[in-house]
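Just one chain is shown here, as structure tokens, and it is the form predicted alone.
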Amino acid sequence: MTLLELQRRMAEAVMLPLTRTDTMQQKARNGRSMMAEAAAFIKPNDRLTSFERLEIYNRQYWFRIISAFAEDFPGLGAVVGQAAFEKLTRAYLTDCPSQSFTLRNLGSRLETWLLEHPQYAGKRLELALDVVRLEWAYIESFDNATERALTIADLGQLDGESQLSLQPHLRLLHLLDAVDDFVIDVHRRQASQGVASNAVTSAKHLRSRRLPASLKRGDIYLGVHRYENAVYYKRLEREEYLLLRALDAGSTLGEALDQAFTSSPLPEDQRPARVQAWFANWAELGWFCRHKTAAARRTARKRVN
């Protein structure tokens, strides 16, 4: 057996999902006995069999990723409830195992997976999806790069044919529920309680998080961004959001302005002052950087993920 073969065999065994009682499965995915599999490349000692030694790594791997997932998505746990969240966590991590060197990317496929498995959100699918989008945006905003920001003087040189790129850490969201304050409160409570050390602790923390009896429904537009090493949620006007989205998609400034104000109720004579105020605020927050092509932006994001 080569070193690479041994590494792959060990990884497959360690990543094998646990039983409902948090013990190691008796059979591998291919039906082979895990006792025989463990004995093939792990020696027993005077206290533990080969299977028992492998089981330690299997259980610790799963306890760690379950804990990390709970730490990343406490808001989702509060929305669906403790028992449902535990089932969702195990099902998602089984279907979408870690493919990265970092636990940061555990939830990268969660929104798509939840859309394909709506039963795990029960009657709160739309709300759960909004919370997932916001919590994943938080992770991306916290980790993604910051490039040299354009100043207000730089922006003053623009014309209708100019193109702009948004900072890699800026995420734009259109939500159907006003979940930002709720998620902020959940994350604040998590921080005050300390980082969960295992899945059991994470589950206990979920009991103290309660979803408000009602959340304001309606279109909510957010800019999730990092400023001085902290992540913030900034409410945006609809036109403001559309303008930023268009610029991020590669539209020229003139095209983006047209898209932002199509069907807008804002009187035309008020628009120039509103746009000027937006750009001044965006420049202060450092939201713009030198324009990159869409391909270059995708490449930069792949490096992060």
Partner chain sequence: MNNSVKTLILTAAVTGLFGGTSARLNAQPAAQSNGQASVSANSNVGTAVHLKSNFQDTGKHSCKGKNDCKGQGGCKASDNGCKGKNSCKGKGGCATDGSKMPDA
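Only a predicted model underlies this, so the values are computations on that prediction, with no experimental measurement involved. Positions refer to the first chain, counted from 1.
If you look for the form predicted in complex with its partner chain, you will not find it shown, but the lines that follow are about it.
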Can any non-hydrogen atom of A83 be found within 4.5 angstroms of its partner chain in the predicted complex?
no
Considering non-hydrogen atoms and a 4.5 Å limit, does its partner chain approach T146 in the predicted complex?
yes
Contact with its partner chain in the predicted complex for T102, defined as at least one heavy atom pair within 4.5 Å: yes or no?
yes
Taking its partner chain as it sits in the predicted complex, is N281 near enough to touch it, meaning that at least one heavy atom pair lies within 4.5 angstroms?
yes
The one option of L173, L129, L166, I184 with any heavy atom within 4.5 Å of its partner chain in the predicted complex is I184
Note that its partner chain is not shown here; using its position in the predicted complex, name the residues of 265 to 282 with a heavy atom within 4.5 Å of it, in sequence order.
E268, R271, P272, V275, Q276, F279, A280, N281
